[in-house]
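First, one chain by itself in structure tokens, the form predicted on its own.
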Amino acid sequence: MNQDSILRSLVADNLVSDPSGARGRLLREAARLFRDKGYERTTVRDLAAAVGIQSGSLFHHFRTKEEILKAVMVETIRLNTALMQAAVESADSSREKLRALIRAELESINGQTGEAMAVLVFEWRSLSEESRAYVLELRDIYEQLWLDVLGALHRDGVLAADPFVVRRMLTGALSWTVTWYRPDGGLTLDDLTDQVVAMMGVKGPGT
């Protein structure tokens, strides 16, 4: 399945909002505002103005501003988990699965969900304890995709370092690309992915 097909499937199952619908547009603008201004400094009036509606109309979709923040995070994790699962399933070897995961995460950070991914990282503490617990459950599924692939490489002797440590290091390195990577700078995301794989020293098509 391609990215559009995966998105349509998630929308049909009510797991993510239709990007062209009112709720989807609101979440997209909320992600932008929360990233640019911060969650605490973004008002309900700011959110309403961004999508061209009255402040009270926001509450047709969400009861509180925090619910909007939670939805931004939850829908982003659901979408990117589904995209990563599809990428892993289409790869034959553990090495290619790792490459697929790196490529998919770079796309999520630097592509259409980049603003929401930044919100997920920097506004985590703005969620209530209950909401954090729910988001963490979804995040664990996402992270397990990485740990399964890294664990297979480790067992095969291809990856020397501990898979958990490798994933933590990769999380920081890949997330930081948003501060310096430019698509028009002569380095494509595929090129960048190859550089990350090479940096890890994972070699051989059969691993």
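Treat the numbers as computed from the prediction; the structure is a model and nothing was measured. Residue positions are given as counts along the sequence shown, with the first one as 1.
This next part talks about the form predicted together with a further copy of the same chain, which is not shown.
Engineer: Report yes if any heavy atom of residue 59 sits within 4.5 Å of a heavy atom of a further copy of the same chain in the predicted bound form; otherwise report no.
Structural biologist: Close contact is absent here: in the predicted bound form, residue 59 is far from a further copy of the same chain, nothing within 4.5 Å, heavy atoms only.
Engineer: Hey, in the predicted bound form, does residue 49 get a heavy atom within 4.5 angstroms of a further copy of the same chain?
Structural biologist: Residue-level check for residue 49: no, no contact with a further copy of the same chain.
Engineer: Please determine whether residue 199 contacts a further copy of the same chain in the predicted bound form, using a 4.5 Å cut-off between heavy atoms.
Structural biologist: Within the cut-off, so yes.
Engineer: With a cut-off of 4.5 Å between heavy atoms, is residue 147 one of the residues that contacts a further copy of the same chain in the predicted bound form?
Structural biologist: Answer no; every heavy atom of residue 147 is more than 4.5 Å from a further copy of the same chain in the predicted bound form.
Engineer: In the predicted bound form, does every one of 38, 171 and 177 come within 4.5 Å of a further copy of the same chain, counting any heavy atom?
Structural biologist: Looking in the predicted bound form, the three residues 38, 171 and 177 all sit within 4.5 Å of a further copy of the same chain (heavy atoms).
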